[in-house]
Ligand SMILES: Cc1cc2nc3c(=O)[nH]c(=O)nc-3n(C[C@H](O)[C@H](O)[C@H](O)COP(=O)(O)OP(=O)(O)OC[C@H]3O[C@@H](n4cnc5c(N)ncnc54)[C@H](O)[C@@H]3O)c2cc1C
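Form predicted alone, single chain, as structure tokens, below.
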């Protein structure tokens, strides 16, 4: 079955934008294609006049560091992220979240930019980018912009960008330094359905004595229509001792304010609420441990 008429592989952002403008909304950006091609085959989109493959654009496929900041191109694959030594050591949650996306074949071609572009509230890589306080570099309406990651989402499957006219270039965030660490965990249905019941990404910074939380970022998804942070939970942690007692207080706050709904594809709201406690406890304890030791070995990579 014919799904598109033309396929282009531009080698620069300018070429990609020129092609999108040429087709005037009748072409779509594609990278790994692990979602888009399936959607086209299932008839969720009309036959495309053209697909614009952005995987040959150097700026979208780079992974580079500058002092304590890292740039991850939107076309960097999940497998490349998992294999990055600097991300393993200093942005562990992103490695852990990208390491459980699909199976090996999907991770080898699926990209972080695609994960964000689809704007699903349960996106694994997206959840970690929110906890890392990432910023997205995009070309939107012909202008290059930098926006906080949370602004990329307008609703379930509704992105800030239009994939027939705009391009996600990449993501920037600050890497963990001394006394800082991250962790990610998720809970899946045992049948292997590719939708997490819940995922949780944590970033923490301890004080120099490693006794108290100086700062924290908590992202649990899917809870609402878009990925976001649990500010009330973060507030419970900041300035308090980094102990199990405070972690339990944070969990109690989360159970009071977070209201996951029942989903026929995931689980009941009551069950998912119980899992909030499980995930928060595991990820917070792990992040604190990593912040104190300065060592991180990603968990759950490649396991479903």
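Worth saying up front: this structure is predicted, and the values here are computed from it rather than measured. Residue numbers count along the first chain shown, from 1.
Although not depicted, the form predicted together with this ligand is the subject of the following passage.
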Should residue 199 be classed as touching this ligand in the predicted bound form when contacts are defined as heavy atoms within 4.5 Å? no
is_contact(residue 40, this ligand) in the predicted bound form, heavy atom dist at most 4.5 Å: no
Residue 70, heavy atom within 4.5 angstroms of this ligand in the predicted bound form: no
Contact flag, residue 227 vs this ligand in the predicted bound form, heavy atom cut 4.5 Å: no
This ligand isn't shown here, but in the predicted bound form which of 132, 101, 81, 176 has a heavy atom within 4.5 Å of it? 101
Residue (of 187, 161, 223, 87) lying close to this ligand in the predicted bound form, criterion heavy atoms within 4.5 Å: 161
Which one, 163-171, 140-148, 230-238, 203-211, holds residues whose non-hydrogen atoms are within 4.5 Å of this ligand in the predicted bound form? 163-171
Residues in 53-88 with any heavy atom within 4.5 Å of this ligand in the predicted bound form: 54, 60, 74, 78
